[in-house]
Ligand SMILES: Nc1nc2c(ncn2[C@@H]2O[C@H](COP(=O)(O)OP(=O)(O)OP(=O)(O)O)[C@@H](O)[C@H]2O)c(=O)[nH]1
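Let's start with one chain on its own, the form predicted on its own, as structure tokens.
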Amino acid sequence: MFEKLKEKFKLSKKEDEQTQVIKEERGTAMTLGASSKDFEEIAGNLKISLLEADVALPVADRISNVLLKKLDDKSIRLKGDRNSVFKEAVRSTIKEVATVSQVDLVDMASKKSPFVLMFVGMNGTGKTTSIAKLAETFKDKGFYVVIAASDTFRAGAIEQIALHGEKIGVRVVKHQAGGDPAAVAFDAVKHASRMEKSVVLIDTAGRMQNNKNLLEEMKKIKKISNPDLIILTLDALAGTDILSQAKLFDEAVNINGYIVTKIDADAKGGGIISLLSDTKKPILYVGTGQTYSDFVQFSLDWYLNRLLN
């Protein structure tokens, strides 16, 4: 992701030898000999690298400015090579801008029954598959899981979620195609309320920006089911567009967190940094492959290791 930065951080062989001599003379730490101009160039290179990695411009500006301020405000101490020092500075800067308090869905579900989650997202983002993966996660933790097939509009959607439910071994509440999505959600919550340690996962129709009818249906499902959290699924390959999708859905139904899919195929990765930095809402899980087990809780440290190493 940050090839320009990696080249900038590298010491020449002569510089490396000089650094080693000084370290031997002064101990394991020394002040890094870099000027304000060097720092400005590093911050500028970081901004370019972020933009190339699909980080939104305002977020890239914010991160590069924080890094420049950090480098200018204090003496950089060298405890290794220059590459390690600046790489750690970049890492800590991104963490400072993009860190968001995490939410543990399993822990929340253990404190309330039924625990109701409503899922929204554009068509093609992997919403239905993510619901199935999360259903298996909850089932493996000992919860009684109910899936509400409230996407009654898309052809084959009910059959798709029903097939997932059959494979996983969880109950799927469904009505006929074209039926009232809110009624499906209501029935699922009602059924789950009779069970101990239950979780309801509500699938909804994928919505495009200009479909006002589906927007109103989404609001109706929220009103009827009163979900504990509303989760937006986003495709990592959408790049900078995931931020605009997040804002769109948040305006409509107030999003509480995200599941980001296809992260294994995302070579750039900057969209996630923009999402966290700009919305300050947590990424709960990420999809890392095609199978049900390719689903992990998100960690910013884990993600930065993928990007910076």
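Just count from 1 along the sequence shown to find any residue number. Note that the structure is a prediction, hence the values are computed from the model and not measured.
Separately, the form predicted together with this ligand exists; it is not shown, and the next lines address it.
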query: Listed range touching this ligand, judged in the predicted bound form by heavy atoms within 4.5 Å, from 109 to 117, 193 to 201, 124 to 132, 178 to 186; finding: 124 to 132
query: Joint contact, Ser225, Asn256 and Pro282 to this ligand in the predicted bound form, by non-hydrogen atom at 4.5 Å; finding: no
query: Distance check, Asp241 to this ligand in the predicted bound form, heavy atom within 4.5 Å; finding: no
query: This ligand contact in the predicted bound form: Asp278, any heavy atom under 4.5 Å; finding: no
query: Gln297 within 4.5 Å of this ligand in the predicted bound form, heavy atoms; finding: no
query: Lys69 within 4.5 Å of this ligand in the predicted bound form, heavy atoms; finding: no
query: Candidate from Glu52, Asp264, Asp61, Glu41 lying within 4.5 Å of this ligand in the predicted bound form - any heavy atom; finding: Asp264
query: Stretch 277 to 302: residues contacting this ligand in the predicted bound form, 4.5 Å heavy atom cut-off; finding: Gly287, Thr288, Gly289, Gln290
